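For reference, the chain that follows is the form predicted alone, supplied as structure tokens.
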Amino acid sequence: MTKCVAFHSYKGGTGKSTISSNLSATLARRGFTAVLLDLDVYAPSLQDYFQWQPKKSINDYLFENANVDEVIQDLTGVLNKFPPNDGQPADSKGKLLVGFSSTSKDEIYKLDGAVRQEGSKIQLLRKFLMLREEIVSRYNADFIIIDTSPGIRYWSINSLAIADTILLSLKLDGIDLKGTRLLAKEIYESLTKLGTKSYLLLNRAAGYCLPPSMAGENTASTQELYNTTIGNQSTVISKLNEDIGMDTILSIPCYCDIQFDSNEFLTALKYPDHPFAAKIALLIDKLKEI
């Protein structure tokens, strides 16, 4: 049975694309058929991430200018760029398939304009639902991973509506915390009633960087700030879980070495011993249990 997982957030910059890409590639490396869809239609980024220029995009499929086979790209060969962990061969049955949204501003304006027309809006929604069904039937997908647009917008909500599980990615800043509460009330409550499962995915959390005493910068002030930050984080997460009725599926620290790597690309495969790779593996285990 196909699991459809959507990554969502209140605002951009929470790491949805990085996590969804690494998750999809790791699933394929483990022998699953993973289909990654870039449905951040207003600001698609996966073309740059994978350095891939597709001839046809999801936009073409929605406007009936392409069929699903023209839109879904087989990028399994990308996995061969990275040596398998521990010298063990990758599972040859795994596949990494990716559907890209168009980065053309004209295509983005066209989609945005269509949703203002009721007839076109309904037709696009039907095509959107068909896309999931065709992916399930034609590719026998084990996982469909969706990278959505942030916030409360038409395509964001449609992306969430076809998902079985929603992972709300957030950072612990005031804007994200307030926005997360808004999303939980305005969107997730309705979807949960229909059977969709939703979880918080805390990203770029505190706790990875070395404490001041280990970094050679130990002062009373820096040590106090570090301890206070770690303590406050746990309190904030517990309060948020209680307020919105959503559990935290995973907490991923802020890995500075990844964040400031200008060539960051599928880190979980490139550095299989990095703790980020272990977090992606843990996320897979948790998703399989849902």
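All of these numbers come straight from a predicted model, not from anything done at the bench. Residue numbers here begin at 1 and follow the sequence given.
The following text describes the form predicted together with a small molecule, which does not appear among the structures shown.
The chain is drawn here without the small molecule; in the predicted bound form, the stretch among 29-37, 53-61, 245-253, 66-74 whose residues come within 4.5 Å of it by any heavy atom is 245-253. Using a 4.5 Å cutoff between non-hydrogen atoms, residue 272 does not count as a contact of the small molecule in the predicted bound form. Although the partner is absent from this view, residue 235 stays clear of the small molecule in the predicted bound form, with no non-hydrogen atom inside 4.5 angstroms. By the criterion of a heavy atom within 4.5 Å, residue 180 is excluded from the residues contacting the small molecule in the predicted bound form. A residue is said to contact a partner when one of its heavy atoms sits within 4.5 Å of a partner heavy atom; residue 258 meets this definition for the small molecule in the predicted bound form.
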